[in-house]
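Take a look at this one chain, the form predicted alone, written out in structure tokens.
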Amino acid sequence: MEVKSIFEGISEADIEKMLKCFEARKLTFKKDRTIVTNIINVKLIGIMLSGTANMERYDYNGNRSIIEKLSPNSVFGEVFSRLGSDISVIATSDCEVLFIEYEHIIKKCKKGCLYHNILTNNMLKLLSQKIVELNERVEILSKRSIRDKLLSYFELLASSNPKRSFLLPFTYTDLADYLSVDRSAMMREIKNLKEDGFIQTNGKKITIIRY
């Protein structure tokens, strides 16, 4: 069963008790501010409460890659990001983030709290979901052409909508960095896909006509 929040199945009253017990901290960040850097060495679990952020990294040539788009209820941290020490989380809007020390979650609760066990199970399920999402991204990036990468990604986004329409979660610049392609070449290919009758676009809204 898919878990949408690390707190799923825990009452609001128990969440408040747990956050006090865990000495959790809520912090706010303005758009474009760095939330976390060198994520693999940060012994915290971050939970997006509001707003959005990108998990990204730069290579030695200064090229940016976007690993993941984070939205409310997204979870990030060392345990979720075994992809290198140079990963950062950057706010793409004003946002609020809850931080919990990783040790508080994995250590055995002295009080034997039921909600602690639920939280641990939810975290394991979220880890499994992230593995699936990472595999989906690898599948997209494995496509040889920009067209195939775009169509594969668009098909993934449209798969849960009977009308085959969706809103891009990225700006077009961020989409190019997510797909690891040149933005100008990507925009030309999107234009070609429209002219060839594969998609319709209205700003960031895209509808798949045929695949």
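Just so it is clear, the structure is predicted and the values come from calculations on it, not from any experiment. In case it trips you up, residue 1 is the first one in the sequence shown, and so on.
The following text describes the form predicted in complex with the DNA, which does not appear among the structures shown.
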In the predicted bound form, does every one of S5, K17 and R25 come within 4.5 Å of the DNA, counting any heavy atom?
no
Residue within 4.5 Å of the DNA in the predicted bound form by heavy atom, from T34, S145, S50, N161, is S145
Would L167 sit within 4.5 Å of the DNA in the predicted bound form, counting heavy atoms only?
no
Can you check whether R183 is within 4.5 Å of the DNA in the predicted bound form, heavy atom basis?
yes
In the predicted bound form, M187 touching the DNA (heavy atom, 4.5 Å)
yes
Applying a 4.5 Å heavy atom distance criterion, does K204 contact the DNA in the predicted bound form?
yes
Given the stretches 88 to 96, 121 to 129, 137 to 145, 67 to 75, which is the single one in contact with the DNA in the predicted bound form, using a heavy atom cutoff of 4.5 Å?
137 to 145
Counting only heavy atoms, which residues in 153 to 179 are within 4.5 Å of the DNA in the predicted bound form?
T171, Y172, T173
